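Coming up is one lone chain in structure tokens, specifically the form predicted on its own.
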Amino acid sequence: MAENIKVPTMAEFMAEGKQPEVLFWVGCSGSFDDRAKKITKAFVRLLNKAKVDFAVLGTEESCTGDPAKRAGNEFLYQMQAAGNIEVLNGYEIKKIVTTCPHCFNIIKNEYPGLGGNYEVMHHTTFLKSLLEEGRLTVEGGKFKGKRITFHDPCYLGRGNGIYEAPRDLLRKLEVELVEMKRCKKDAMCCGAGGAQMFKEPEPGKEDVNVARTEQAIDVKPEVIAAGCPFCNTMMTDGVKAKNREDNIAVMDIAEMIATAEDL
């Protein structure tokens, strides 16, 4: 039976002559990858619970151009970014939230150079603001007392200096938060930022996602918390490579909150 989740589009808002409080930029992974779609659904459930007036672009959302830019194809990046900016500016978007640190980073920091100026928030920062405004409550539920470690996404942490918002949310879940030896500004990339997710790794002693997962396993977590759909995939594959999928889960913080709230 299909899950019934309310996800309005910008076109629907415009047809009614309304503007949403915030645009939810879903991203390619959150739109098309089966595992990441679960993160998207969890975040939407939280938005609905907090009664956030939000919309998505739907079929009008295209790739941000981040993969093209990181691969050195500036021409393709500018084409993709210009198309998105034209759509966003056409809808007079002021505020954007996204569950993907890659989308967050490029829209926040590089779209302004092409005429796209918006307030952009990562979903952990946005969820924390909803808590502070009293629009969302978070309780431990099934995660209370569980041993959790957080893997810092490169484009959220070292790229934009956001370390505490995801950890503050985990503390609200009343978990036992344990830090890896390499965390925050010293955190190690899972490999997705270096495009290892999309290709075979170079010859070497060990895959980078497995090495990062071993650092997480060293602190004996029950859950590895993530704030990026790409990190989620890389760490999940790392847990499988170490044959620990039966006792270590990898979850996005939005999924943890939605699960704790039984949404």
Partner chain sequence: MQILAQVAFILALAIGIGIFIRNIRRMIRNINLGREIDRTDNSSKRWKKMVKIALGQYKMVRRPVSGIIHVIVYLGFIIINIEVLEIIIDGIFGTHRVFSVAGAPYSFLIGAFEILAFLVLVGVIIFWIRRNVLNIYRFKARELTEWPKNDANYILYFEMVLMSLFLIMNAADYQLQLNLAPHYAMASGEIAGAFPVSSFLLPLLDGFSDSTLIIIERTAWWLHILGILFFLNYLYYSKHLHILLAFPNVYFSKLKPKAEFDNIDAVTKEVQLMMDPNADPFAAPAEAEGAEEEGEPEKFGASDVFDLNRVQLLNAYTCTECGRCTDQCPANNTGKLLSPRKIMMDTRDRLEAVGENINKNGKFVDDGKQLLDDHITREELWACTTCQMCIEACPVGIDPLSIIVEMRRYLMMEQSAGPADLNNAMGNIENNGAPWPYNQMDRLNWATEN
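Values in this document were obtained by computation on a predicted structure and should not be read as measured data. Positions refer to the first chain, counted from 1.
Keep in mind that the form predicted in complex with its partner chain is missing from the display, and what follows is about it.
Taking the partner from the other structure, its partner chain in the predicted complex has a heavy atom within 4.5 Å of a heavy atom of C63.
Under a 4.5 angstroms non-hydrogen atom cutoff, its partner chain in the predicted complex lacks G141 among its neighbouring residues. Contact check for G191: a heavy atom falls within 4.5 Å of its partner chain in the predicted complex.
In the predicted complex, at least one heavy atom of Y155 sits within 4.5 Å of its partner chain. With the partner omitted here, the stretch from 141-149, 168-176, 74-82, 88-96 that lies within 4.5 Å of its partner chain by heavy atoms in the predicted complex is 74-82. Using a 4.5 angstroms heavy atom cutoff to its partner chain in the predicted complex, all of A68, E110 and A211 count as contacting. Contacts between 165-186 and its partner chain, taken as any heavy atom within 4.5 Å in the predicted complex, involve R182, K185, D186.
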